[in-house]
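Have a look below at one chain only, the form predicted alone, in structure tokens format.
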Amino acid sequence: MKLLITGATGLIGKNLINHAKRRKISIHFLTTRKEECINSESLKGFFWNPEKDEIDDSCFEGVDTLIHLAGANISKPWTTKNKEVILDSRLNSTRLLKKTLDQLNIKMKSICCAGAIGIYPNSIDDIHEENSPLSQENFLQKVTYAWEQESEALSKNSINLSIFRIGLVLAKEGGLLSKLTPPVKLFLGTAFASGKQWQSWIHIDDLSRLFFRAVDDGWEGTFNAVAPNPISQTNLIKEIGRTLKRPVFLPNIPAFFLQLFMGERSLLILGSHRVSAKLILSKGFKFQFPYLQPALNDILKKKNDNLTKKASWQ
């Protein structure tokens, strides 16, 4: 296998690179920063600028597998300009990949694309499987839906195409826990609104293993990339407190405070998605961290976790 990764400098991309190195896989990655275009024996960087329709097409030389993660961070303020960046970064990058693969007449063995569980409607009661109804009622749903549509067009450029609707990623550096653990450490941990919102999560190492399992076995279709045991937001905060040995006793923060300060973006915290992992389990995938407490113990207590350290580019 020779792998090309987009979004390689992000949280998930770095972890994928570490997993690939452990498997002795040769890696190419695309970056919008020319200074990151390194060239080592196992890792090579190539410049692209999807906004300007620019790409170094030598990135595809010898590559048979593509993992496409590129997209601007959705946690930045949802100003009109940032909304355009968030949407365009996903659509333009995917279109540029397809355009270049078409021009070079390349057909990959496998293409894996990132999506998000935000494509599902917010609900306390519903359990979302891959064939559940989708929604385009809010900005996040519109972005994830449009992104999937563009990703599906890559099916003509690969023998196997898989799209992963990724849940809340738990990692040592960055991601959800980097925002939730500081207040808990300061005895300020609390949930928002009712706290009953479902949080469908996945340990970052399980997510990387899932991508490689899909590549190894030639998975096709759309898959929920979540652990099999989602948890309410209140219980998530309490479990973080238990792991850090900090009590969680403050009353929940009312929803209107978040809506006042965050506006539409508050749905990132107030949204509820109870997402099923039944399909990937049926395909034989074994989670290392199917339950939250062991996952938190691994991330928050384990000091020498080489897989979650910052990727070495040299």
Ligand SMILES: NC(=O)c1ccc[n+]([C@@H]2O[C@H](COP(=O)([O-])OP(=O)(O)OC[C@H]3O[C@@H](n4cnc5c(N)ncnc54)[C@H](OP(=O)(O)O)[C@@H]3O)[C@@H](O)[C@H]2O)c1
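All values reported here derive from a predicted model rather than from experimental measurement. The numbering used is simple: start at 1 and walk along the sequence shown.
The next section is about a form of this same protein that is not shown, the form predicted in complex with the named molecule.
Across the proposed site, Ala72, Ala116 and Trp147 without exception bring a heavy atom within 4.5 Å of the named molecule in the model of the complex. Interface residue remark: Gly45 is not counted as part of the site for the named molecule in the model of the complex, having no heavy atom within 4.5 Å. Shown alone here, Asn252 lies farther than 4.5 Å from the named molecule in the model of the complex, counting heavy atoms only. Contact between Thr32 and the named molecule in the model of the complex is found at the 4.5 Å heavy atom cutoff.
In the model of the complex, the named molecule stays beyond 4.5 Å of every heavy atom belonging to Gly271.
Of the residues given (Ile240, Val215, Ile166, Ala191), Ile166 alone sits with a heavy atom within 4.5 Å of the named molecule in the model of the complex. Proximity to the named molecule in the model of the complex, taken as a non-hydrogen atom within 4.5 angstroms, holds for one residue of Ser208, Ser162, Gln233, Ser89, which is Ser89. Residues within 4.5 angstroms of the named molecule in the model of the complex, judged by any non-hydrogen atom, belong to 64-72 and to none of the other stretches in 283-291, 64-72, 243-251, 262-270. Residues Gly7, Thr9, Gly10, Leu11, Ile12, Gly13 are the members of 1-16 with a non-hydrogen atom no more than 4.5 angstroms from the named molecule in the model of the complex.
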